[in-house]
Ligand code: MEV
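Next up: a single chain in structure tokens, the form predicted alone.
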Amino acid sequence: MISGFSRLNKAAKLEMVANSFDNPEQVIAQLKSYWHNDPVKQKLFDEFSENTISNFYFPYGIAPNFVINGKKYPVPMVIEESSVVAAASNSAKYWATKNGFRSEVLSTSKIGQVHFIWKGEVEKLQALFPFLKEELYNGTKHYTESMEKRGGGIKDIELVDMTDDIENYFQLKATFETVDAMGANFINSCLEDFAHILKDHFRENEYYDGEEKNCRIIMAILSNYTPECLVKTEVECDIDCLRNAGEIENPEDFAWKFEKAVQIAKVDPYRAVTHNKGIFNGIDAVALATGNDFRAIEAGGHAYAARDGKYRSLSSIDISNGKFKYSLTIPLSLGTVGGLTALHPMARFSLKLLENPTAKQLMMIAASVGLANNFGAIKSLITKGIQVGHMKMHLLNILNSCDVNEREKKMAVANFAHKKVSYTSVKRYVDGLRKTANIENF
């Protein structure tokens, strides 16, 4: 058991970790090699999290040619999966010639809850709730005034009776608008004050008797399920316009197979999970690039996919009347103010690259990238198969894992330009190159 690790300075943390290896000095040198060469920036990165000893780099890529609501964007994407940026870029270019992506924000409300246990008459609590609600609004004015000036604040507070599920269990369910801010700190601060006000309400109100004066607060916290913070994105064209030499030779057949692929993801959870993962490939990459919380986005999105009791595709398809229309409706709680959006230099750069979008605009951009990645994945699946393109993109990773030199890398890339790539085939080819080189040198 390690005790007091967080109180050690960075050098001591490094030493403690490195001493668990046979070559501690080399381990320390390796970890230090990923530090930023500017000590000020490195200190900033260190303070983003706890117990930091080094930096973990992810590629920062650009998917150009995204046309969203008539405006062209070069979209930043942070992701390690080799084919994701390529798929997004290809889909963006494909749809840019077909009027691009149309996107709209349907709603932007976020939810927070105070969970509490109260032993009293439900009818009495419901009758007095309007007075409690006013206390809650007034008691959090010090938090909400500045947010209200920006068009946000607390939109509503509900009393939710959950006693059928858990004995004496109730909720205060509050709806918030945080405008361009991520809003987590604002929401949680309001909710924690709600909890104190709620306890005082029961204790000090003369209308409650005996046990009714006691309220057990379980917790006060925002919800990452945001079904009222929705964005919809779609692409549309005549079915005949889907033709793409080399991949889509028969547009009608392509549209039919595409529709079936989406229908399968609507009824089969095994397929739906992978289908939706393809959507989040794009959304997560934009979230990371802009300093947003991709974990919260994923949790809320997956919950939304199962909102009717069965996990389903987040996207929908309509191929009626000679038209191909593919759409995505998804909850996306994104912000352009707060968190790492201003602190992280690359997150700040990403937002500048996107011309400093509002939270609503960023929602539409991220959703469009998600739909683009998903479209690209299905397009590959129902035509040439996913592995051809994926393994081509993965080739350099395989070669690097074989520790090839530049000459070997160039020869391998040329060799596999028109061949199927697998780890075994690449390893066999590299071994053959080296065997030949050894014979020649001998």
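None of the values given here were measured: they were computed from a predicted structure. Numbers follow the displayed sequence, beginning with 1.
Although not depicted, the form predicted together with (R)-mevalonate (MEV) is the subject of the following passage.
The candidate site formed by Thr226, Lys232 and Leu362 is entirely out of contact with (R)-mevalonate (MEV) in the model of the complex, as no residue has a non-hydrogen atom within 4.5 angstroms of it. Contact between Ser313 and (R)-mevalonate (MEV) in the model of the complex is not found at the 4.5 Å heavy atom cutoff.
(R)-mevalonate (MEV) in the model of the complex comes within 4.5 Å of no heavy atom belonging to Asp193. Proximity of Asn281 to (R)-mevalonate (MEV) in the model of the complex: non-hydrogen atoms within 4.5 Å are present. Taking non-hydrogen atoms only, Ala63 never approaches (R)-mevalonate (MEV) to within 4.5 angstroms in the model of the complex.
Partner proximity in the model of the complex, defined as non-hydrogen atoms within 4.5 angstroms of (R)-mevalonate (MEV), places exactly one of 54-62, 371-379, 41-49, 395-403 at the interface: 371-379. Among Lys133, Lys277, Lys173, Arg102, the residue placing a heavy atom within 4.5 Å of (R)-mevalonate (MEV) in the model of the complex is Lys277. Just one of Glu298, Glu81, Glu259, Glu236 comes within 4.5 Å of (R)-mevalonate (MEV) in the model of the complex, counting any heavy atom, and that one is Glu81.
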